[in-house]
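Before any questions on how it binds or moves, here is one chain, the form predicted alone, in structure tokens.
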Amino acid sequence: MRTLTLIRSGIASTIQDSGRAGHQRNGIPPSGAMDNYALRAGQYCFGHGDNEAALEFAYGDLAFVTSHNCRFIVTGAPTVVTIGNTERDSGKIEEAVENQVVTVKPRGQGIYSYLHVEGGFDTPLQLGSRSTSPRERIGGVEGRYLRDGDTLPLGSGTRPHVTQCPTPITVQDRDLLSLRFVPGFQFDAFSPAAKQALDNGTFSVTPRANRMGIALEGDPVNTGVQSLLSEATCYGAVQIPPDGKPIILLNDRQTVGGYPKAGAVIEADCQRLVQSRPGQRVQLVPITPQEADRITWLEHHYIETKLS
């Protein structure tokens, strides 16, 4: 059996694919890759299917060996890949020989990177996905974050489709990141001051960020909503807890919650947000559902054009 063994597992490393659909009604979040474009780019390079899994790791810190000669590519946040004594930039298909140490180090840009290997990671499917959901202990390796010394099974080899990853669109330097959101029905109940604070305020990404959500720092938003029944959450939901600091809910979010929500940030901007480091300035910009549909169509069309 072909395997990959982690010498250094890195930060918040998990096995992720495109996500686990259809189980939120049972309290199980979809999980899946935080930067889905980076996942799809690596899948495209190897000619993998949409649900082929990759190893997601934060802040570009990883080291591994494989049991056999193995081709791989690192996508997402830029990294430096060292094979033996040779350093290379990430984003290209590389080959490591049996038992050769490969190390990955960060470039200081972005958060999440993805290690794709030919044949993919052959961890068990659970509820139709290999994605890890640590809170629910589902998927990946025992439903947990990866550790030093973990040995991961690999699928059978595949022929690379292309040798270089398309240019990343989610990891870019921005002075101000616009988070376009569609206001929800609770937004109408917000006080005028709260609406103005959301529309005109500037926030910054905080270190309080993980796969569940990203907390923003800025002038507190007092919604004026005194009581609210728990209800279903969604990807990108702009949740306002009692301290008035917005939280953008992401892949491993709780499936229900009782905090008021201003609306939901569109998928494209969530993908950019997850690759933003602490201190990144952001601005919430309300848009109509029709505008959100057009932006989503254009983003998907662009990605399909790049990855076909």
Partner chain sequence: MEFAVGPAGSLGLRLVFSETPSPSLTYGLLSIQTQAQRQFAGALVDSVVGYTTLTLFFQPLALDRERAQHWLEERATSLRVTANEPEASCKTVTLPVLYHSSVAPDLEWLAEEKNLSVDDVIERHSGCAYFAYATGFAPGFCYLGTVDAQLTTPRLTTPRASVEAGSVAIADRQTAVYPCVSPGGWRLIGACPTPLFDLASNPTARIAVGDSVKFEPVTMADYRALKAKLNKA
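Residue numbers count along the first chain shown, from 1. Computed from a predicted model, the values in this text were never measured in an experiment.
What follows is about the form predicted together with its partner chain, which we do not show.
For the three marked residues, 182, 233 and 254, a heavy atom of each sits within 4.5 Å of its partner chain in the predicted complex.
Residue heavy atoms within 4.5 Å of its partner chain in the predicted complex occur in exactly one stretch of 207-215, 123-131, 103-111, 164-172, and that stretch is 123-131. Within 4.5 Å of some heavy atom of its partner chain in the predicted complex lies at least one heavy atom of residue 27.
Among heavy atoms of residue 264, some come within 4.5 Å of its partner chain in the predicted complex. Contact annotation: residue 92 falls outside 4.5 Å of its partner chain in the predicted complex, judged by heavy atom distances. In the predicted complex, its partner chain sits beyond 4.5 Å of every heavy atom of residue 118. Residues of 281-304 lying near its partner chain in the predicted complex, listed in sequence order, are 289, 290, 292, 293, 296, 297, 300, 301, the criterion being any heavy atom within 4.5 Å.
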